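Below, in structure tokens: the form predicted alone, a single chain.
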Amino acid sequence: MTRQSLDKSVSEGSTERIVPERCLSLTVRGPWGHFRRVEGNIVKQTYRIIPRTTIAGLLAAVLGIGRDEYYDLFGPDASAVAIEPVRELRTVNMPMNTLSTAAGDLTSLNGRGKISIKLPDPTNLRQQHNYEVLVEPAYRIDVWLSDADRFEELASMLDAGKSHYVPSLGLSEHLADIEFHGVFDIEPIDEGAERVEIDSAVPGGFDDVIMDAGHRCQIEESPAFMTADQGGRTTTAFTTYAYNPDAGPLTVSGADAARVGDRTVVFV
């Protein structure tokens, strides 16, 4: 699949959104978060809504699955994810002094008979970059995996408060706290409903969002799916989200929504 919008691929009939029968639900939060936007800029800007690909990487870290080994598990036909910001989305610009981690700037540290590791040379001059950082981000995430064994393993790990790798919100220094809420049955909602209040971000832009004076609405497009290739990995599809930056609901018509507990969400 070449790079394309997931919403476009849905409209072309090549990808269908899945509304599963059950999902596990968790909240990830932390003091800081940074989900770097793919477009280059002097200021490293962040997505406001944690990208679906970042959620896949975070949950793969919980399961102990290595980089470039989990993309099929979270593929469009094998998974469904709904994302709900549960705290106001706000950012600050934060300058950081960094060392280059390019291959040519790494030095090898090799103790005799020990595993060799490469680290940035601490004697090199630092480069200052401006990062746009999310302040106290928090997201409620509902996840379904078609791989029943992995689904149960993930639920068991989250319920026990365990993780193979340290979970983070984008950058490794932005540590994440995970709160597991349990496994929930999913009840689909009639697509013909004229007005539905959606708690999660709404995939597909805001064509179906009913604007009112009480709710703000913003929009952004972020990576949704990846595949492994010879160079490592490639983003294969993006999705566009409409969301309320104040962490409130959006009123939508004709949404492909579902009930999870006492909340209404849209999976992608």
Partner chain sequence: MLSPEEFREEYDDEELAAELPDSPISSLRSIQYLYGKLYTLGTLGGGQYAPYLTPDAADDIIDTEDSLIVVRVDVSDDEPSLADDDRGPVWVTRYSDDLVQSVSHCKYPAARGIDHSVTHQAGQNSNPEKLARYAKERLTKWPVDDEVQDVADEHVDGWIIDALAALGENEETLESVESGVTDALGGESTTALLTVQVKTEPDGDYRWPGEIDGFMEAMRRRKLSKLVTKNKADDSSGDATDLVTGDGARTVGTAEDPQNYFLGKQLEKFPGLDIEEAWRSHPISEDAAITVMNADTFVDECSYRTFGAKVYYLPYFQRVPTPDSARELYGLLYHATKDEDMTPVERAYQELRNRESEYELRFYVSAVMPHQMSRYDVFGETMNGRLLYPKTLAVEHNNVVDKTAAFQSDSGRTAPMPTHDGWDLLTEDNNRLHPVSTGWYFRETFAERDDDEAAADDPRIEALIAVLSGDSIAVETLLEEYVDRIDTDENDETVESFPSFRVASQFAQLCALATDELDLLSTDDPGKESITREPNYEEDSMETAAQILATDGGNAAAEKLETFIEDTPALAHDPDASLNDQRRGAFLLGVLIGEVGGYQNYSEERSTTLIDQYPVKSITRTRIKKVTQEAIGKTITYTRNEDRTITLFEHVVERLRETILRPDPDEWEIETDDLRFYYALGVTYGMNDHPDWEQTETDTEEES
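This structure is a prediction, so every number in the text was calculated from the model and none was measured. Positions refer to the first chain, counted from 1.
There is another form of the same protein, the form predicted together with the partner chain; it is not shown, and what comes next is about it.
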- Task: Spell it out for me: taking the partner chain in the model of the complex, does every residue among E221, T236 and T240 have a heavy atom no farther than 4.5 Å from it?
- Result: yes
- Checked T101, N124, S156, S146 for heavy atoms within 4.5 Å of the partner chain in the model of the complex; positive is T101
- Query: Just one of F184, Y71, Y131, F180 has a heavy atom within 4.5 angstroms of the partner chain in the model of the complex, so which one?
  - Reply: Y131
- Query: in the model of the complex, which of the stretches 194-202, 161-169, 75-83, 101-109 has residues with heavy atoms within 4.5 Å of the partner chain?
  - Reply: 101-109
- Query: Would R29 show up as a contact with the partner chain in the model of the complex if we use heavy atoms at 4.5 Å?
  - Reply: no
- Task: Report yes if any heavy atom of M96 sits within 4.5 Å of a heavy atom of the partner chain in the model of the complex; otherwise report no.
- Result: yes
- Message: Taking the partner chain as it sits in the model of the complex, is Q45 in contact with it (heavy atom to heavy atom, 4.5 Å or less)?
- Response: yes
- Task: Please check if E152 has a heavy atom lying within 4.5 Å of any heavy atom of the partner chain in the model of the complex.
- Result: no
